[in-house]
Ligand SMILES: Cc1cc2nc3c(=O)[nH]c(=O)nc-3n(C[C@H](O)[C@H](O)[C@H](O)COP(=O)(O)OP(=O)(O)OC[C@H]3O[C@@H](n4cnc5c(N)ncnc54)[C@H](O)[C@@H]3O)c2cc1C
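Only one chain is shown below, in structure tokens, and it's the form predicted alone.
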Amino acid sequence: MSIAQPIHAPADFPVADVQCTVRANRAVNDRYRHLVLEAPPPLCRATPGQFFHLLCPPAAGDEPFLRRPMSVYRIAPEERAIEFLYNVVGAGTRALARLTAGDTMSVMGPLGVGFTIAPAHRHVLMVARGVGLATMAPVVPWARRRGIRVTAVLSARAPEDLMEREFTQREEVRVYPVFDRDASSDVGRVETLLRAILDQDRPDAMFTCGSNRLMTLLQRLGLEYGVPGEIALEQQMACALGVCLCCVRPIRAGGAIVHKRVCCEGPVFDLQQVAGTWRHG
């Protein structure tokens, strides 16, 4: 009788479930908030693109049943802190928004596969929209510490939603903002902008998160210009450990379409391997 093999390789370091203390939880603008948690060293080993599973405490009638997966926005081992940017949209994030300094919450992670920067990279292009900016933001200091130039196309509903300062984190970044309000975020206009960037200063890699239409556009341009890329997928999750299969997405592999779990085989995938925008459930 054969012995079943593990369905995925074990993590390089253990996942921790820790009661973290809230240091700050403030409004960034009318839509987004910034949560800072005191975190022990195991949690601070996270890399850009990884996420944590947060147990949002019940508050004022909101009783979230499941944890909420949230990409890490900033990792500060020297400060023993991890930080998140989030949009208040439902029961979980409403409960999260009510946390104040000194409160505690259960945090599990770091989880998933993060972004990759190759030693040969000298210039990366980042394209993000909405809360996807929070997922992409840790890549900025990570790249700049390695002497890599960063160009970013940031999309938002309006200028007050952009969070450019939070994205750049005081690093030197060439930023091109586009907005729904003036239609500059229209796919056709973004394509014109991206083509100008690719023609004038072709990057070594492209990273994206937060929009299916931007993903499709970057897949097409990546093939045309021969620029590889990675994407952080956003997906609903239940366990975040690869057991429940709630978060599977169609991925191209070996000439076939397979379904991979975003929580443990992602959330970061090769840009060209993502086969569609299908969501489970």
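A residue's number is simply how far along the shown sequence it sits, counting from 1. Here the structure is a predicted model, which is why all the values come from computation and not from measurement.
One more form of this protein exists, namely the form predicted together with the ligand; it is left out here, but the text below deals with it.
Peer 1: Are F51, V89 and Q235 jointly within 4.5 Å of the ligand in the predicted complex, each by at least one heavy atom?
Peer 2: Judged in the predicted complex, F51, V89 and Q235 all sit within 4.5 Å of the ligand.
Peer 1: With heavy atoms only and a cut-off of 4.5 Å, decide whether T93 touches the ligand in the predicted complex.
Peer 2: Heavy-atom contact with the ligand at 4.5 Å: present for T93.
Peer 1: So in the predicted complex, does any heavy atom of L66 sit within 4.5 Å of the ligand?
Peer 2: Close contact exists here: in the predicted complex, L66 approaches the ligand to within 4.5 Å, heavy atoms only.
Peer 1: Classify L85 as contacting or not contacting the ligand in the predicted complex by the rule of any non-hydrogen atom within 4.5 angstroms, answering yes or no.
Peer 2: Within the cut-off, so yes.
Peer 1: Taking the shortest heavy atom distance, is T208 within 4.5 Å of the ligand in the predicted complex?
Peer 2: Contact check for T208: no, nothing within 4.5 Å of the ligand in the predicted complex.
Peer 1: Quick check for you: of 250 to 258, 35 to 43, 236 to 244, 214 to 222, which stretch puts a non-hydrogen atom within 4.5 Å of the ligand in the predicted complex?
Peer 2: Answer to the contact question: 236 to 244.
Peer 1: Exactly one residue in V107, A134, V139, V150 has a non-hydrogen atom within 4.5 Å of the ligand in the predicted complex; which is it?
Peer 2: By the 4.5 Å heavy-atom cutoff, the listed residue in contact is A134.
Peer 1: What residues, if any, in 248 to 270 have a non-hydrogen atom within 4.5 angstroms of the ligand in the predicted complex?
Peer 2: If the 4.5 Å heavy-atom criterion is applied to the ligand in the predicted complex, 248 to 270 yields only P267.
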